[in-house]
Ligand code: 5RP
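First comes one chain, alone, set out as structure tokens in the form predicted on its own.
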Amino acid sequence: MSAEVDPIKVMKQQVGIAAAQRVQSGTVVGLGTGSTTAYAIQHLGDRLKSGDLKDIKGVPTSFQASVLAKQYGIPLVTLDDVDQIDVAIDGADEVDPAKNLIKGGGAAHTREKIVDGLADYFIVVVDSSKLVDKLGSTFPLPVEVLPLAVAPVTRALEKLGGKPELRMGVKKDGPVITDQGNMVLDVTFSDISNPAELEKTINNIPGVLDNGLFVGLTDLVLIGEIKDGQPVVREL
């Protein structure tokens, strides 16, 4: 094993830590999904252990998030147990200048949208490669679909000008199945000129559970970058 430090990994750690530092004692925290958010969850656990942070409760957005939270000693609650979520921390696959997002690369966007949408304050943690001028330019739009409706939803998305592809599993035969037991269509659009409109239109297709457009939900974007070989964190 070489002792070389992976700058990308360090940068993700720094962004995750910066987000976790903003969490205060006695709050309910939405715990997002993905590699950068994983570092935030780990740092929240470290702060609890050291006594720097007390009495927080986590609401996980996925199986992955709940496993990590348990591993790092963060007490978990469900949405049945809490009246509100004070802060949520989550990653994104794309962020536009208006802080709108495409999420769902990890197929958890439906639960993420429920939790992140309920949060009083929603912090997005990304590296600078996720910043785009326009949503849909580097990443297809994930749409969670009931299995029985895949064919009609595919046709409806094609009518909207999208190119849908059923997401297939890696190291697994067959499609990706979400934590809710559904499938994911990754839809490529040549142009998403009105994210708010498209989000509503797609969610009105019968059989669609939710899509990965997050419009008007983000309060703060923390961006990790490498400057002169050093990881830095800036705000959008």
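Quick note: we count residues from 1 along the sequence shown, nothing fancier. All figures in this text were calculated on a predicted structure; none of them were measured in a lab.
Just so it is clear, the following notes concern the form predicted in complex with the ligand, a form of the same protein that is not shown.
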Task: the ligand contact at residue 118 in the predicted complex, heavy atom, 4.5 Å - done: no
Open item on the list: Just checking whether residue 93 would be counted as a contact of the ligand in the predicted complex - the rule being heavy atoms within 4.5 angstroms.
Closed with: yes
TODO: Report yes if any heavy atom of residue 60 sits within 4.5 Å of a heavy atom of the ligand in the predicted complex; otherwise report no.
DONE: no
Task: Contact test in the predicted complex: residue 34 vs the ligand, heavy atoms, 4.5 Å - done: yes
- [ ] Report the stretch among 35-43, 186-194, 52-60, 200-208 that approaches the ligand in the predicted complex to within 4.5 Å, counting heavy atoms only.
- [x] 35-43
Task: Answer option from 107, 156, 132, 87, heavy atom within 4.5 Å of the ligand in the predicted complex - done: 107
